Ligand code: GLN
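Only one chain is shown below, in structure tokens, and it's the form predicted on its own.
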Amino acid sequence: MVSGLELWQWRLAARNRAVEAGIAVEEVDWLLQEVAGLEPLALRLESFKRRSQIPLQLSLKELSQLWEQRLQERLPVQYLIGITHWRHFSLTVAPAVLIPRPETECLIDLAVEAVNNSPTPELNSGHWVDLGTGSGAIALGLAEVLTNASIYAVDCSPLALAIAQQNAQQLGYSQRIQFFQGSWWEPLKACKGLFSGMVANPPYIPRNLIQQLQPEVVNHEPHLALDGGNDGLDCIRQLISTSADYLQPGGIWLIEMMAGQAPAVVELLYQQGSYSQIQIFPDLAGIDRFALAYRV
């Protein structure tokens, strides 16, 4: 337990340190929401200062050590606490998995829109796969909105897959999602022509740009989930060339990509010859971020 006044003083000092380090002060409040159960409104109004006691999961000393680690090592706050919020989920995360970004949430909405716009009604109840599942975010998002579909989640990392399975278990989706270890479609070779949809957030950062990313990313997030080869398109090329064998006619191919890659991705899809109705969608910042196509 800690008094509200003590926690308010800690928050003030932590926010000042964040400003000095060039880190968003909002991260302090995110941390306090997790370890002290404080509501965003109570933090914004600072009304918690008047409480005589506030239960803390950590001591103030331990909390200070955590925040110091954030400042000195640039360790993402999500890894510090082991949790990130994505769509309606609180997901377990660790350095073995990429921290799911808010823009990736759009993939789930685009998948639903693609199903609704398709003349193939059974897409809503077919087989869907999240390739390179990481924390399991996309697979969980698909399971939530496609309530009659069978969801498959694939990752080449056993550590990532264990975290994805843990998230599915904690959120009550372990019966809806099947997990497979391997590279892209490789563990699903027996399922050619079966899938209604494929969704992926593959590595798409050009290799020579990785060292230029924020220290939080380059020093702590898994490079396996970032490195897209010399031009950033290696994994996307593979997904374009191989997915046609696994998607049923009318099946949906949907990925996230890097700003500036849309023209190349559209050209690759056309060249492959198995896709139609190729479309590009922006993220919330207006950046062309997602490519959608239907299997001919």
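Start at 1 and count along the sequence shown; that's the residue number. Source: prediction; values computed, not measured.
What follows is about the form predicted in complex with glutamine, which we do not show.
Would you mind picking the one in A162, A114, L98, I210 that has a heavy atom within 4.5 Å of glutamine in the predicted bound form? None of the other options qualify; the answer is L98.
Single option in L142, M198, I177, A225 placed near glutamine in the predicted bound form, where near means a heavy atom within 4.5 Å: None of the others qualify; the residue that does is A225.
V129: heavy atom within 4.5 Å of glutamine in the predicted bound form? V129: no contact with glutamine in the predicted bound form.
Taking heavy atoms only, is S118 within 4.5 angstroms of glutamine in the predicted bound form? S118 lies outside the contact set for glutamine.
Find out whether any non-hydrogen atom of P76 is located within 4.5 angstroms of glutamine in the predicted bound form, and reply yes or no. P76: no, not in contact with glutamine in the predicted bound form.
Give a yes or no for T92: in the predicted bound form, does one of its heavy atoms lie within 4.5 Å of a heavy atom belonging to glutamine? Looking in the predicted bound form, residue contacts with glutamine do not include T92, since no heavy atom lies within 4.5 Å.
Just one stretch in 144-152, 129-137, 185-193, 212-220 has heavy atoms within 4.5 Å of glutamine in the predicted bound form, so which one is it? In the other structure, the partner sits against 129-137.
Taking glutamine in the predicted bound form, which residues along 182-214 bring a heavy atom to within 4.5 Å of it? Heavy-atom contacts within 4.5 Å come from N201, P202, P203.
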